[in-house]
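For reference, the chain that follows is the form predicted alone, supplied as structure tokens.
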């Protein structure tokens, strides 16, 4: 299948994704710098003014393309950092050598998020080439810390919030059901993470002393096992107290989603689902979670070392839904862990930065008399562009994951983003062999081109 219309996108993306911009590892600092330089050069070539704004970690790129002070404003967002590529042995081609196989482009960042904002940005630039009088002031915000929780974003927004506040805010960093449907993300989960360490002795003991000697790994395992009941419910006080129920429109879109539970099992390689309420998709979209992300203790090297571990550590995360307080859930989870800890063991809990859930003003955006008229018009334009290009309706779906800074930017600037989701399970985000099909790149590009074309004629 020929994809001549997106050859310029593929050429750009192959270069862009070849720079290893892993934000969590200082060994990739040069890759972060090379990535910023590459996207900055592109923006400057497209007549954008580009600022590189220092942060405590990785700089933020802020670009602008101005028409007049009276023109409405449009903000585009993306993040140029990516997840680590490990385990490297599971990649079929080098993670930072983007490769096309069977009309699918593989490489770290090809989807999340270099590929997504590349499509968005190229559609906008194509519109500017065709229509130099495009009547919007444009701002582009690219950060380099999304994959580590956007720790510098709050400080940036406090200083630059007024300068980026816009009539429309557009990004793509979310999911959909399959390649035949796009989704407007109506909600993002919040996030609470912590580390819990158990100490039962001052040093690891010879296993020959076993029996009466406490084992930190076993103690921690027993604690973690008591965080859920047999039906999968989280056993933390108030955990479900403030959960916001889905709207009728969100439930209707869930019914339209063709993704079956059999397909989820096939794509993930699992044989059966853990105990949960409602359908799998309902639970993933609308209910909070508590997950044990990792347990570390004792000897983890090759071979056998017969010891009784003195320490054990668990990393735990909670995905929260709209209305839940991260601070309250974090406090309640910490209290539950301490309650479960035996009095003769020592527990240390370290909290990690957390974020609130986000809810898109769906009802207001559908209203002809919306309090945000440009957002409402753009919402309907995106629906129309999706139906024309994809031949299917734009699904209205909450996201199972998080984009930490979205709730912060909403609180500090009042902006509500239009988030067009097109990632699927097959794209293997955060996993080896991350990818995007050329067909999806082509379709999403044409949806954005049509949307920007309609945006040119939006009534002020």
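The shown structure was predicted, so the numbers you read here are calculated from the model rather than taken from an experiment. Whichever C-alpha set is largest while still superposing within 1.5 Å between the two forms counts as the rigid core. Positions refer to the first chain, counted from 1.
Keep in mind that the form predicted together with another copy of the chain is missing from the display, and what follows is about it.
Student: Is the gap between residue 92 and another copy of the chain in the predicted bound form 4.5 Å or less for some heavy atom pair?
Tutor: Looking in the predicted bound form, residue contacts with another copy of the chain do not include residue 92, since no heavy atom lies within 4.5 Å.
Student: Answer with yes or no whether residue 300 is in contact with another copy of the chain in the predicted bound form, where contact means some heavy atom within 4.5 Å.
Tutor: Looking in the predicted bound form, residue contacts with another copy of the chain include residue 300, since a heavy atom lies within 4.5 Å.
Student: Do residue 393 and another copy of the chain come within 4.5 Å of each other in the predicted bound form, heavy atoms counted?
Tutor: Heavy-atom contact with another copy of the chain at 4.5 Å: absent for residue 393.
Student: Answer yes if any heavy atom of residue 200 is within 4.5 Å of a heavy atom of another copy of the chain in the predicted bound form; otherwise answer no.
Tutor: Yes, residue 200 lies within 4.5 Å of another copy of the chain in the predicted bound form.
Student: Ok, 83, 166, 332, 359: which has a heavy atom sitting within 4.5 Å of another copy of the chain in the predicted bound form?
Tutor: Answer to the contact question: 83.
Student: Work out which of 252, 384, 280, 349 lies within 4.5 Å of another copy of the chain in the predicted bound form, going by heavy atoms.
Tutor: Result of the distance check: 280.
Student: Should the three residues 49, 69 and 72 be counted as contacting another copy of the chain in the predicted bound form, with contact defined as a heavy atom within 4.5 Å for each?
Tutor: No, none of the three is in contact.
Student: Would you mind picking out the stretch of 406 to 414, 422 to 430, 59 to 67, 39 to 47 that comes within 4.5 angstroms of another copy of the chain in the predicted bound form, counting non-hydrogen atoms?
Tutor: Result for this chain: 422 to 430.
Student: For the stretch 203 to 223, which residues lie within 4.5 Å of another copy of the chain in the predicted bound form by non-hydrogen atom distance?
Tutor: Contacting residues: 203, 204, 205, 206, 207, 208, 209, 210, 211, 212, 213, 214, 215, 217, 218, 221, 222.
Student: Does residue 210 count as moved between this form and the one not shown, where moved means a C-alpha shift of 2 angstroms or more after fitting the rigid core?
Tutor: Yes.
Student: State yes or no: after fitting on the rigid core, is the Cα displacement of residue 230 between this form and the one not shown at least 2 Å?
Tutor: Comparing the forms between this form and the one not shown, which are aligned on their rigid core, residue 230 does not shift its C-alpha by 2 Å or more.
Student: Quick check: residue 68 between this form and the one not shown - does its CA shift reach 2 Å or more after fitting the rigid core?
Tutor: No, the C-alpha moves less than 2 Å.
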